[in-house]
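In the block that follows, a single chain appears as structure tokens, in the form predicted on its own.
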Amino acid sequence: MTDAGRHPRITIHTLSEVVDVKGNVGSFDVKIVKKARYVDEKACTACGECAKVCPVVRPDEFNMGLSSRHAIYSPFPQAVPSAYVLNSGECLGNNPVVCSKCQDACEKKCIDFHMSDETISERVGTIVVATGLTPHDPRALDEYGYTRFENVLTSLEFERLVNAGGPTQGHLVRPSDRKRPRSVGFVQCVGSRSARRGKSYCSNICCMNTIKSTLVLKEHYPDMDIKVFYIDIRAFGKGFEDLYTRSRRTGVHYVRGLPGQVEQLADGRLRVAVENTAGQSLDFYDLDMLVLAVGIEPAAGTHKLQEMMGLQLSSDGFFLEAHPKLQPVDAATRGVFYAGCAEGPKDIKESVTQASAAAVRAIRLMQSSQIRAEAITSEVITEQCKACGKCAEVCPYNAITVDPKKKIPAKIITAACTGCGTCAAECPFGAIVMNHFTDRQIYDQIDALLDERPSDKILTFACNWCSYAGADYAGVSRLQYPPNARLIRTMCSGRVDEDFIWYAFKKGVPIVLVSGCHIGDCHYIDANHWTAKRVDRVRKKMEKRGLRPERLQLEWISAAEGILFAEVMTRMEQLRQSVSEKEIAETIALLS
């Protein structure tokens, strides 16, 4: 971080928050609010004289509250910039009657109580999202007694205790009596791998962090009794299994089972009740200290940033990459990349690897004077646009600008448009043309597919990335399903216009199937949400017109679900057989 701070082409904004991001790849406008530091960071030499005279004492966040700091302090050793910061919410003020001791003690006159927050605007070509993580709060798991018992710590608090730069200079002591513990227990998967007790996913780092901690303790205190309570040990990285074996050889006792209850004894020790799943017994262990290996959760500002930048989240709440194999560091929004735990739980090695990949991907874009855009994009017919703003509302990439109040026609930023076609499907005035998937082209496909014996066919609109690929997978897997399905490929199910559905029914087709990516897995962030709303809207209109809404089906099929595609087509054929020729004729007469 120090090297980055010294680099002439790198600007580090500390105590800052991104509050708005607009634009597209190559031209992002980022608004940043830089919080008032109340200390001139260029003049401050971090001598510490101000902190010595400050009367305000608060828990030190860097040491997890295990030590204290003053209202004016250095956030952590080797902080960049190397300057103190004043917490205005904790300071007693600049009234001489109250306190201004820090200002008086500063020989450089670096402290300025009149500083205010500053708004900074930056134009950038690419963005790397590296929001970090939030450790799980174990207070909800009351059975472990965290905060009720002083000697129950989290893994982060334990790390600060055994760190040479921590509050105890690396000497492990019990918080209750500041004596060295003779026995320590580690509880794994606290807040992980359990939907009822935290998050369902594995936090990746907990097992190896505990194994490392046991090796550190055994190195310094060979006689210490150490127990690890676990579900299973996931040591899948290079050399990780060797570390696990070394830990066991040093005498660390691994107990397969998680504690169900922790109680404090009269002498301050902790009695832990554990269901030993390997020995099929209920065991009790008396320990001097218990360490909770807390899991990883998404950073606090993840949802705010996701809404601001039009990004996509996974079911676990982390940012979702464009493709897990082919584009593991790319966001669906072009020009945005991920690094570290923003995209999922990672250890240091994985974070460094992904950060390097994100940097290379960003450089690859920025080294070109021009950016190539996909030909499958939308265009606005200005003469037909009524500036209603519906297209801008449904665009998942904020690629459309329109001012309904001033009646300024919509404008599509080609570099930001990815060609889902949702805007064209939702436009009530037909003012948007989807290149390579125009209305005329899709109508012609419907005419061609339903030219002969339309009542024997099932018309299917299939999204390019998932359901069409699922159909292809079913074919190469030689799965058997009714051969009368007729597919029309669209880039996204969001491209399927209401009028396409009505036109197909008018041509005499008994069943129309709209299929796309599963909710949450859409290649175009959330475009399939509008598909679901549109299909629901058409079904209600069908019911009002006396048509069976079951004749319009919506299915989510992924590229790997060839079997599901075959099953859906079999079910569609059964449904098609329930539609009589008379019902089809009445539908044609009603819509003609």
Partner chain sequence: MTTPTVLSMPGVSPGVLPSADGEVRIGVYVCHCGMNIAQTVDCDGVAAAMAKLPDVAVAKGIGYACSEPGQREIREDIATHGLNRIVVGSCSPRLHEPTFRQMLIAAGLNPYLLEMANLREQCSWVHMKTPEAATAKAYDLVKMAVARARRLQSLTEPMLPMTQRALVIGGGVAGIQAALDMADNGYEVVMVERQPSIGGVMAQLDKTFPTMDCSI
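Positions refer to the first chain, counted from 1. Take the two forms, superpose them, and find the largest set of C-alpha atoms that agree within 1.5 Å; that set is the rigid core. These numbers were taken from a predicted model, which means no experiment stands behind them.
What comes next is about the form predicted together with the partner chain, which does not appear here.
Asks: Looking at 105 to 113, 494 to 502, 436 to 444, 394 to 402, which lies within 4.5 angstroms of the partner chain in the predicted complex, counting heavy atoms?
Replies: Only one stretch qualifies here: 436 to 444.
Asks: I need to confirm a contact call. Of 255, 415, 380, 224, which residue comes within 4.5 Å of the partner chain in the predicted complex, counting heavy atoms only?
Replies: After the contact test, the surviving option is 415.
Asks: Which one, 71, 332, 355, 233, lies within 4.5 Å of the partner chain in the predicted complex by heavy atoms?
Replies: Exactly one residue meets the criterion: 355.
Asks: In the predicted complex, do 146, 173 and 389 all put a heavy atom within 4.5 Å of the partner chain?
Replies: No residue of the spot touches the partner chain in the predicted complex.
Asks: With the partner left out of view, is residue 483 within 4.5 angstroms of the partner chain in the predicted complex by any non-hydrogen atom?
Replies: Contact check for residue 483: yes, within 4.5 Å of the partner chain in the predicted complex.
Asks: Is there a non-hydrogen atom of residue 451 within 4.5 angstroms of a non-hydrogen atom of the partner chain in the predicted complex?
Replies: Looking in the predicted complex, residue contacts with the partner chain include residue 451, since a heavy atom lies within 4.5 Å.
Asks: Is residue 289 close enough to touch the partner chain in the predicted complex, meaning at least one heavy atom pair within 4.5 Å?
Replies: Because no heavy atom of residue 289 falls inside 4.5 Å of the partner chain in the predicted complex, the answer is no.
Asks: Does residue 196 make contact with the partner chain in the predicted complex, using a 4.5 Å heavy atom cut-off?
Replies: Residue 196 lies outside the contact set for the partner chain.
Asks: Just to make sure I understand: among 1 to 24, which residues lie within 4.5 Å of the partner chain in the predicted complex, judging by heavy atoms?
Replies: The stretch touches the partner through 1, 3, 4, 7, 9, 10, 11, 12, 13, 14, 15, 16, 17, 18, 24.
Asks: Cα of residue 563 displaced 2 Å or more between the shown form and the other one, core superposed?
Replies: Indeed, residue 563 is displaced by 2 Å or more.
Asks: Would residue 468 count as moving between the shown form and the other one, using a Cα shift of 2 angstroms or more after superposing the core as the test?
Replies: After core superposition, the C-alpha of residue 468 moves 2 Å or more between the shown form and the other one.
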